[in-house]
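Single chain ahead, written as structure tokens, the form predicted alone.
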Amino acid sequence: MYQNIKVGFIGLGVMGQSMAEHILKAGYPLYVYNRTKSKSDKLVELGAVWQNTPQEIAQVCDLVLTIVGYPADVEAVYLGENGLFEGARSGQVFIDLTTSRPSLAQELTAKGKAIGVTVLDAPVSGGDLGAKAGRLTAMVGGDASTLDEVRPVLETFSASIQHHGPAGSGQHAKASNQIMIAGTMTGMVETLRYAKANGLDLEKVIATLTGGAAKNWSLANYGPRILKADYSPGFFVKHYIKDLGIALEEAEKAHLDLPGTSLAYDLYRELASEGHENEGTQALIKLWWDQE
């Protein structure tokens, strides 16, 4: 069934644009929707078909993937007027790639099951670079057999696809991912501040540390951007605040104290309050860089 299917893609932002393009170039008929229609222009030129609403996407597609900004956006796309469920039919598969609340993933799965639609939560990690390279990491919750069927589509833009359990498990795995990144981002910023204050060549520091035990994705990918004063969003500050907020909400439910994550959350909120919410997460350095 999933060799000659019509695929829908909703959400053509920093990552979604590249992900949708990988699907299209793999040969799948692709139907797209985005709140800002102009963001679909390149894909339409390449052969994608524009649809006016999520409902219209559901009416023509067998598999629909979504990646939007916030849980409220997910609710609007799936449950709102002219949403996916208004055009859904039995046998379809919907996959939400947004980082969202586990409870919402469970709600969508239950609503889908009631009408014969399988919903998977599959948030992704890797930022704009991973999306462009087709090497994202997908963390999946929901029916494992359905994942096996749709895996070839996910593989068009993912290097790693792991099933973590029932509905909501993918979101919990992504929260774990964002907690780890909170530590590497604050660590990277403090590393660069320390090295700069002591007169070291920052390019040499990055090269040295990425070759040893301090190696991490944030330093290797965002460190060079900082040195070039490139704060363009591979991942928006405002979206990372949302992600860390979800992680801390879930931690509180589990009676967990996550002091490092809480600190990163506060620092990123401070960064946003200074007008940097639409920049990339590497802009965290701006809280100190100019002053130092």
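As the structure is a computational prediction, the values presented were derived from the model and not from experiment. Numbering starts at 1 and runs along the sequence shown.
There is another form of the same protein, the form predicted in complex with a further copy of the same chain; it is not shown, and what comes next is about it.
Asks: Quick one: 169, 208 and 217 and a further copy of the same chain in the predicted complex, is every residue within 4.5 Å by at least one heavy atom?
Replies: All three within 4.5 Å in the predicted complex.
Asks: Please name which of the stretches 43 to 51, 253 to 261, 64 to 72, 25 to 33 has residues with heavy atoms lying within 4.5 Å of a further copy of the same chain in the predicted complex.
Replies: One stretch meets the cut-off, namely 253 to 261.
Asks: Going by a heavy atom distance of 4.5 Å, is residue 113 a contact of a further copy of the same chain in the predicted complex?
Replies: Judged by the heavy-atom cut-off of 4.5 Å, residue 113 is well away from a further copy of the same chain in the predicted complex.
Asks: Please determine whether residue 198 contacts a further copy of the same chain in the predicted complex, using a 4.5 Å cut-off between heavy atoms.
Replies: It does: once a further copy of the same chain is placed as it appears in the predicted complex, residue 198 has a heavy atom within 4.5 Å of it.
Asks: Residue 190 versus a further copy of the same chain, in the predicted complex: is there a non-hydrogen atom within 4.5 Å?
Replies: Heavy-atom contact with a further copy of the same chain at 4.5 Å: present for residue 190.
Asks: How about residue 247 - does it come within 4.5 Å of a further copy of the same chain in the predicted complex, if we only consider non-hydrogen atoms?
Replies: Answer yes; at least one heavy atom of residue 247 falls within 4.5 Å of a further copy of the same chain in the predicted complex.
Asks: Which listed residue (117, 104, 150, 179) meets the criterion of a heavy atom within 4.5 Å of a further copy of the same chain in the predicted complex?
Replies: Answer to the contact question: 179.
Asks: Only one of 95, 88, 173, 154 comes within 4.5 Å of a further copy of the same chain in the predicted complex by heavy atoms, so just point that one out.
Replies: Comparing distances to a further copy of the same chain in the predicted complex, the residue within 4.5 Å is 173.
Asks: Do any residues of 226 to 240 have a non-hydrogen atom within 4.5 angstroms of a further copy of the same chain in the predicted complex? If so, which ones, in sequence order?
Replies: Counting only heavy atoms within 4.5 Å of a further copy of the same chain in the predicted complex, no residue of 226 to 240 makes contact.
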